[in-house]
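Heads up, the chain below is alone and in the form predicted on its own; it's given as structure tokens.
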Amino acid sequence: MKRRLIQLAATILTNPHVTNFFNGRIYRGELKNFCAPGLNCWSCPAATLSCPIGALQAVGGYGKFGFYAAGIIILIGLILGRAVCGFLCPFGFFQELLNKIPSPKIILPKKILPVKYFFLIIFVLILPVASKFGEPTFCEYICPAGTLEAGLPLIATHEEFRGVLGNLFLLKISVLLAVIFLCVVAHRFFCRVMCPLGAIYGLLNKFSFYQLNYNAEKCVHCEICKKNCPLDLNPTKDFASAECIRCGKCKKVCPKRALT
């Protein structure tokens, strides 16, 4: 419950302009010069901050490297690692709520988890620089968070946008619907398989200040932590894994407090 409250608070604090959903405006104040820790679309009517992945692509489109955006991501990653995904990301919060919907659940094969690094390298780092017009390719062609938070609300409030919808919109809607379905049946599907921001934080997980610590001397190998991990990890072995979002469920159920 404490983590849920933090997730809700983080979502509200980074998206306070709720009335903009009704008038179709986008906040363009000075705070948009700063990046949010989680995935939160710049064009979301309620958003106060910029999306760090969007900022990386925007600068890359001019043939430059986004040192500011990259620096913010690395700084946050070195402090919190993927705890950002578990506590501060609005779209991560949305995925967890989707998974609460009663349905058959599946375990994601570990072989597909590195796909998010493909999205990071190709769609965030390479294509925005290589494309003729410097397009933010991940935002434009894939990001379901942008479709949900910005695309649909803006189309709902701007009649002029509806007349120019085409194949790109159908693609984005298809991706969003597929991600929603997969998040219902698999815990945090987008976060684990597709999110480039999660990929960066995952690389920094092992070096972050906020860590999951394992005391082997206290462990009685009951594997209760493993059974309760929503990401199908074994906390006694994967406590420094790039996939761990530091949700704390394993720590909570450990009878010997071997995990802290």
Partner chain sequence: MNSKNFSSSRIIILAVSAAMIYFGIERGELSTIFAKATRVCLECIGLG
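Positions refer to the first chain, counted from 1. Not measured: the values here are computed from a predicted model.
The protein also exists as the form predicted together with the partner chain; that form is not presented, and the subsequent description refers to it.
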> Is every one of C41, S50 and F207 within 4.5 Å of the partner chain in the model of the complex, counting heavy atoms?
Replying inline: yes
> From the list P90, G86, P136, G81, which entry has a heavy atom within 4.5 Å of the partner chain in the model of the complex?
Replying inline: P136
>> Within 4.5 Å, heavy atoms only, which of N215, N228, N234, Q211 is in contact with the partner chain in the model of the complex?
In response: Q211
>> Can you tell me if L154 lies within 4.5 angstroms of the partner chain in the model of the complex, counting non-hydrogen atoms only?
In response: yes
> in the model of the complex, does P128 have a heavy atom within 4.5 Å of the partner chain?
Replying inline: no
> How about N99: is it within 4.5 Å of the partner chain in the model of the complex, going by heavy atoms?
Replying inline: no
>> Can you work out whether P114 and the partner chain are in contact in the model of the complex, taking contact to mean some heavy atom pair no more than 4.5 Å apart?
In response: no
>> At 4.5 Å between heavy atoms, only one of the stretches 180-188, 103-111, 119-127, 139-147 reaches the partner chain in the model of the complex; which one is it?
In response: 139-147
> What residues in 150-185 sit within 4.5 Å of the partner chain in the model of the complex, counting heavy atoms only?
Replying inline: A150, G151, L154, I155, F161, V164, L165, L168, F169, K172
